[in-house]
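In the block that follows, a single chain appears as structure tokens, in the form predicted on its own.
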């Protein structure tokens, strides 16, 4: 397996949506119809004033455009890069009705946000009254960052705890680099920090800081800790050399000093993260990359544009295929996967037709690296220790309008609530909870 250092790795990840030039941005902004009750704004989970920020770009007011975005979504930079705009704002653009190309809202948003950060701009200081109440955010991912920023802008003292050395959650560690570079994620962390938010990194709540201590010290606690490690495949031989789950692979190549990629890589799973891992392996030098999915293409949960990206990177697909065991050589490294072909039977609990093995269809698939990507576990062990916080299917139960849990001291948002949606959904959930938390504190304490 060839070994690549961080500088070499970055060179393999050309951005999939390159930035606009100033001239191109002006031309694109002037295509906008600036709709009243714009469907693009409604489709955005954070409800950014899309016509408003685009109008400011058309008049070369990039700072004003960025501030319009940030007023709704403090993670406007990362969302401009990672949002599935094809199924959100751009998918709702009225130009679709006239069979015209929709406005490239994501790239215009990036244009404004890049200018904001490149010029070293700061958020304007609100005339806020310092408040004597404090909030702890558990986890430093998008939901907690959005929650912390909103509370800090309202004058509250906020401390964010995370077990990792860098804040940002999946934006820093788990999003493919051709979508979002770790440096860009950390720019947003620094913006939140500039609002007065304190970060306690390398600090695992429940281990180095007891959960009971947070309950004693802080007035409210926000749970924004996301999901856990990749689900176990239950395969024989998973612990051997050459088997690494998708999130670990992405985190390693984004933040570690070097990484090794196999020559023939098999990715197991059919979601967007599986696509990200497969494309990463292809870009990092694998000679052949295969995705094994137990159902067919029509049942694949990954977005269509993600599937097309994988195809453009040369990734091949084995549909209706399940891996049963990992085969190894004398050196203990992966040599092959024992697989079986599947057929689709009756519908399962999810409403999709359940795959069943075809007798006698077993075969060996040669590979020297296996990347499981079948979803993430729920952090039930930790969440069950949050006093009187109800869980359902391993996720936190909240009031959808406020993020409040069944324990009024705890609020929650992001993947630990929704089971794993988009960055913009986490940002929306975090901000929504912050507004409710502030209202609760003002009602209780003035």
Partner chain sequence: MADLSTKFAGIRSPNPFWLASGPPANCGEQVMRAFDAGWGGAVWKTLGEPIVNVSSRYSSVDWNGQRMMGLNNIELITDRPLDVNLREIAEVKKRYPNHAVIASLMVESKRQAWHDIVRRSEDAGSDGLELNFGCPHGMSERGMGSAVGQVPEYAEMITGWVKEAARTPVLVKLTPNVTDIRAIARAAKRAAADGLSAINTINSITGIDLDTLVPRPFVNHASSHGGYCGPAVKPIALHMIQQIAADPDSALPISGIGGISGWREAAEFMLLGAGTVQVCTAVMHYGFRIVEDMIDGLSNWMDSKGFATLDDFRGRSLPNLTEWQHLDLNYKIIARIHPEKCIGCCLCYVACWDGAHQCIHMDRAGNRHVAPQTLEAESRRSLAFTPVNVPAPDPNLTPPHRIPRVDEEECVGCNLCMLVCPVDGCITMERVDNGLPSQSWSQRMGESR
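Numbering follows the first chain given and starts at 1. Every value quoted in this text rests on a predicted model; they were computed, and no experiment measured them.
This protein has a second form, the form predicted together with the partner chain, left out of what is shown; the following refers to that one.
The closest heavy atom approach of residue 129 to the partner chain in the predicted bound form falls outside 4.5 Å.
Heavy atoms of residue 297 never reach within 4.5 Å of the partner chain in the predicted bound form, leaving it off the interface.
A residue is said to contact a partner when one of its heavy atoms sits within 4.5 Å of a partner heavy atom; residue 87 meets this definition for the partner chain in the predicted bound form. Although the partner is absent here, residue 386 sits far enough away that none of its heavy atoms falls within 4.5 Å of the partner chain in the predicted bound form. Heavy atoms within 4.5 Å of the partner chain in the predicted bound form map, among the stretches 29-37, 374-382, 387-395, 405-413, onto 29-37 alone. For the three residues 302, 348 and 352, a heavy atom within 4.5 Å of the partner chain turns up in the predicted bound form in no case. Proximity to the partner chain in the predicted bound form, defined as a heavy atom within 4.5 Å, holds among 324, 96, 122, 263 only for 96. Along 410-433, a non-hydrogen atom within 4.5 Å of the partner chain in the predicted bound form is carried by 421, 422, 424, 425, 432, in order along the sequence.
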